[in-house]
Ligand SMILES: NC(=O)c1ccc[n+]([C@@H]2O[C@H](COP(=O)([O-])OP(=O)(O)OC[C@H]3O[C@@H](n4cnc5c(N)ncnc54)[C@H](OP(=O)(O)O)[C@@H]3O)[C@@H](O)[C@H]2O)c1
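We begin with a single chain expressed as structure tokens, specifically the form predicted alone.
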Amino acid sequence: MKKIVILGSTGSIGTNALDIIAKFPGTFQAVGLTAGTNVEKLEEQIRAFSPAAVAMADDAAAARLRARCKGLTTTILSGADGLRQVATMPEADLVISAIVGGAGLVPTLAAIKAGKFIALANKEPMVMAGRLMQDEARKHGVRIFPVDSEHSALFQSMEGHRAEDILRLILTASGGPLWNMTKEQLQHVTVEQALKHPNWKMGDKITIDSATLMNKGLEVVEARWLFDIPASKIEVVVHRESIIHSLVEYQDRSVIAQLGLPDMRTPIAYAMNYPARIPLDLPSLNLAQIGTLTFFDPDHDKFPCLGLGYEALRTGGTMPAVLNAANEVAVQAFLDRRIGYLDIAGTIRRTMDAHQPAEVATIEDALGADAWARAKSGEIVDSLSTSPSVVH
């Protein structure tokens, strides 16, 4: 039986992973869970799965959870130390890293240093410190399995093939809910419009990233480090139906793709049980019923965040960490209705322009750049928050 720790168990990836664990109790066991502030959901998970330990990032939330779970055998930890303790539990065979944003970097890196195999669902740690994470993974004999549907598709399309034969990686993008809007219409996008993703059910932050195409910008950076492929060989194509999840082209011009209906349980299960596949109770792909698959070049003019991702990767050093932090601050400000949709890219642009990149030799380098960018982008948001561009 494979013993699983889930960092971020109350989010979309975490709840889907627990759904798989519940359906295959003889194959998987949840031994550790972590969450941010969602006391009710984590309590429900404790009662359903009886993990040995859980941790909440928020100390006050952990105190409420302890009061609600009095008498249960699960150890309840809190804060950064608590997250690290759960991430490095000796009995864990696999750590699913699904904490939203840069907060996942420290516990994920701790798990790697503890020799835990990783199923990586949150791209931000690899964006912030990809070289460092891969160096530590090699040092400790750890494999990092991608859970993002696009990176899982690339991983599956590379299986059985030589890395030196790869010509390019092609990441597919749905285009999000705003793809067909004009630049004029994008000036007046509401939070509700940006959250209406046509294909995927995801958390608010990643849904906004999909709407701006920053999700794809971050994925380009992640792909570079996951697969040791330079930015010049990573391309993006908009594929509205989200059936082809990504493609790999080889030197002989053969293109291999991974297809499936848009359901995150498929890539989660593959990472959890690699190399074996498990029989998921999901509908089969019916291409005749779908009929048509469409593809478009990205519109960099309407969606500049994708280009910012490439720029940060080419600049290197601390710039990807700055890109990620500025995006997190700007997206949250948009969700809080403090800035407009177009201000997201503007805030990131201004933050990157103000940054002097340096090498990321230690985790402290990445965390320092992250803190600087959060402060800088916060100042920019404050200056924009009274702007008439904000749509209520």
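Keep in mind that what you see is a predicted model, and the values were worked out from it rather than measured. Numbers for residues come from their place in the sequence shown, where the first is 1.
This next part talks about the form predicted in complex with the named molecule, which is not shown.
Though the partner is left out of this view, Ala35 does reach within 4.5 Å of the named molecule in the model of the complex, counting heavy atoms only.
In the model of the complex, the named molecule sits within 4.5 Å of a heavy atom belonging to Ile13. At the 4.5 Å threshold, heavy atoms of Val142 stay clear of the named molecule in the model of the complex, well away from it. Put simply, Lys216 is far from the named molecule in the model of the complex: not one heavy atom of it is within 4.5 Å. Residue in contact with the named molecule in the model of the complex (any heavy atom within 4.5 Å), chosen from Met128, Ala111, Ala271, Ala98: Ala98. Note on contacts: among Leu77, Ala173, Leu226, Ile206, the single residue with a heavy atom within 4.5 Å of the named molecule in the model of the complex is Ile206.
Proximity to the named molecule in the model of the complex, taken as heavy atoms within 4.5 Å, picks out 36-44 from the listed stretches 332-340, 36-44, 22-30, 353-361. Scanning 47-80 for heavy atoms within 4.5 Å of the named molecule in the model of the complex gives just one residue, Ala57.
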